[in-house]
Ligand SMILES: Cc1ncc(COP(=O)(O)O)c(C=O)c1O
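Only one chain comes next, encoded as structure tokens, the form predicted on its own.
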Amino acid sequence: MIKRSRLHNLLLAEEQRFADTHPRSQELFIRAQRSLLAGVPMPWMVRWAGPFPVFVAEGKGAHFTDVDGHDYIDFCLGDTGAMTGHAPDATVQAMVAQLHKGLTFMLPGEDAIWVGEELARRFGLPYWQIAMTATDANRFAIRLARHITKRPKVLVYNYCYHGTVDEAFVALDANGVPGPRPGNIGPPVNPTLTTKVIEFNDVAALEAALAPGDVACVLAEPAMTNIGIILPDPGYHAALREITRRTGTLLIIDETHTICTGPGGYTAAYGLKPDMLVIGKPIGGGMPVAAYGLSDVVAAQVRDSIARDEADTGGIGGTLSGNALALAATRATLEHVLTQAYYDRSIALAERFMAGVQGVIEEFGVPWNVQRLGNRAEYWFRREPARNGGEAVAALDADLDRFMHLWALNRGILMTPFHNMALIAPDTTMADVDRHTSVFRAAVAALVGDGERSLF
């Protein structure tokens, strides 16, 4: 669809520009390779758009500074982990106060009760447990679902995102055959032994998958977020809830990314009624913490079926889960940062972000689309929005994606890696959003070239 030679030359020029302007980051990256595998503390950090990652010096609000002194507008925000902005004042103050009183005890404090009550108010599920990460919370919820239903299988959507849960690393190939997701490292078993996978928005496939009665739970984001924003068709969630109830299948809603929709996530905004709900990433203002909620019925089944003397041997929990520091951070973040006022303001800015991108798409006639979910917006390299993971994957363009990210990075804008997503922090400004529109327009203009818009 585009002249690949132009894209190749532009990408080479942006790589050189990045190397020339980030000498300190390059120096640290070379040093890091002597002690860190691939020079990074986590494997996926090798996938940033530049020839080496930017090394961060400090961040505050919606901006951060790297070790070379460059300031960036941060639309990545830790891939939702820092949706609150960097170092939110209320969270930092609560953490500093708790630091002087102890970090972890394996005992509850009053903050735990406040957090449980607030999560119940926001999401509508009455009982809660705390974990370190949303991955852990998903693992624990799956264990409970299997325990309660006595069924072996889990159902997920093609190219879903639920952290590093083994059962979720399954995908459909181009012929619709399920198997390990590409890149799945060392799966303990072929995930088809534990998991059924279908396309999102396919009611017939959902009905067929649950009909045999061997699925303990459906683990679902209410809108897919990690392969582009994929919104549910009208009526899909009503069908999902009706079919799961009729087949005795528990429904787990993962709000870890879709908390961008509002204070109670997509669940509260659209009146969903899950049996369990998982939330993580931003609720601690950057501090690792997650939670999972249970309905009255599920909570009663758990209480009645797990002996007190075996509560520590079932594979649920962790020594640092529910620690005092994490709960202090969570209480402050929920009370003072992830408020309705924040969402009202940030969603309006996300609408502005989306309108700016859409305007550029229309101006240059590129066959792309942009979608929004709450204060999250994302553009994708296909003309129509995808309805499922398979359609989204078919539109992947690694070189074009890398160019768009690197062009933005070289001009002081960080987008979320792996896809072209932007989140709005409490301190993001209208000027930040308009700056992205300007940089985005320049990138598309460079790709098209003067007088060559017909290339798209």
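Predicted, not measured: the structure shown is a model, and the values here were computed from it. From 1 onward, residues are counted along the sequence shown.
What follows is about the form predicted in complex with the named molecule, which we do not show.
When contacts are defined as a non-hydrogen atom within 4.5 Å, all of Thr135, Thr256 and Lys281 contact the named molecule in the predicted complex. Shown alone here, Thr195 lies farther than 4.5 Å from the named molecule in the predicted complex, counting heavy atoms only. Shown alone here, Gly163 lies within 4.5 Å of the named molecule in the predicted complex, counting heavy atoms only.
Although the partner is absent here, Asn226 lies within 4.5 Å of the named molecule in the predicted complex, judged by heavy atoms.
The shortest heavy atom separation between Glu378 and the named molecule in the predicted complex exceeds 4.5 Å. Proximity to the named molecule in the predicted complex, taken as heavy atoms within 4.5 Å, picks out 155-163 from the listed stretches 298-306, 324-332, 202-210, 155-163. Contacts between stretch 339-356 and the named molecule, counted in the predicted complex as any heavy atom lying within 4.5 Å, involve no residue at all.
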